[in-house]
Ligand code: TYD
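Before any questions on binding or motion, here is one chain by itself as structure tokens, the form predicted alone.
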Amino acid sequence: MNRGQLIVFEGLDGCGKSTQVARLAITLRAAGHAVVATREPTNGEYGQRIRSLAKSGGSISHAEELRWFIEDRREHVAEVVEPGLSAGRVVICDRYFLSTVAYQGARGADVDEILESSEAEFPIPDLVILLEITPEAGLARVHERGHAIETHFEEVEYLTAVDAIFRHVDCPYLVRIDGSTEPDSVESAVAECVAARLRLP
């Protein structure tokens, strides 16, 4: 059986990742592909800690926060990502290790070290689609949807630093798409990208 393919959506809060993950999954399934749609942080032990921290606005050391993300990813890869790829499925993930690079890098962690260690330990994506949007526009979308702002992660100054790292990252598997346009336009751009890079669907 051929190994599956890993597609990751990255970007700031409000960029439309979740919407595009769902739309791409529908498109690929309609074309006959077996798809696993997943996300990070997960609903596992460490993922729940991260989500609770985000909602509460609490504080832990940056080193401990980074450890939570890595442990959550280890569980995610072992239980979801790797089994899906081994079974020949297309795994579509809402956030992966480039989010850790950008968000933890904005807290002062070593960006290059996180990227290097992540690529060494975890499956490297076949394609990462980075949906680009300004921090202000992203947070405005979060407000419009009626979602509570997660003060631990969703502050303009912090997200500006995150955005700067996202814009600096340069990986052969990374493609940038304007996420500020209407969802249908983004979906079309995503479909073109997936077809060109991975010959899907």
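All values derive from a computational prediction rather than experimental measurement. Residue positions are given as counts along the sequence shown, with the first one as 1.
The same protein also exists as the form predicted together with ligand TYD; that form is not shown, yet it is the one meant from here on.
Q: Using the partner position in the model of the complex, report whether residue 104 sits within 4.5 Å of ligand TYD, counting heavy atoms only.
A: Result yes; residue 104 sits at the interface with ligand TYD in the model of the complex.
Q: Check residue 76 for me: does it contact ligand TYD in the model of the complex (non-hydrogen atoms, 4.5 angstroms)?
A: Because no heavy atom of residue 76 falls inside 4.5 Å of ligand TYD in the model of the complex, the answer is no.
Q: Against ligand TYD in the model of the complex, would residue 29 count as a contact residue? Criterion: heavy atoms within 4.5 Å.
A: Close contact is absent here: in the model of the complex, residue 29 is far from ligand TYD, nothing within 4.5 Å, heavy atoms only.
Q: I'd like to know if residue 13 sits close to ligand TYD in the model of the complex, meaning any non-hydrogen atom pair within 4.5 angstroms.
A: Heavy-atom contact with ligand TYD at 4.5 Å: present for residue 13.
Q: Counting any non-hydrogen atom inside 4.5 Å, which residue from 143, 168, 51, 67 sits next to ligand TYD in the model of the complex?
A: Comparing distances to ligand TYD in the model of the complex, the residue within 4.5 Å is 51.
Q: Given the stretches 35-43, 56-64, 133-141, 170-178, which is the single one in contact with ligand TYD in the model of the complex, using a heavy atom cutoff of 4.5 Å?
A: It is 35-43 that comes within 4.5 Å of the partner.
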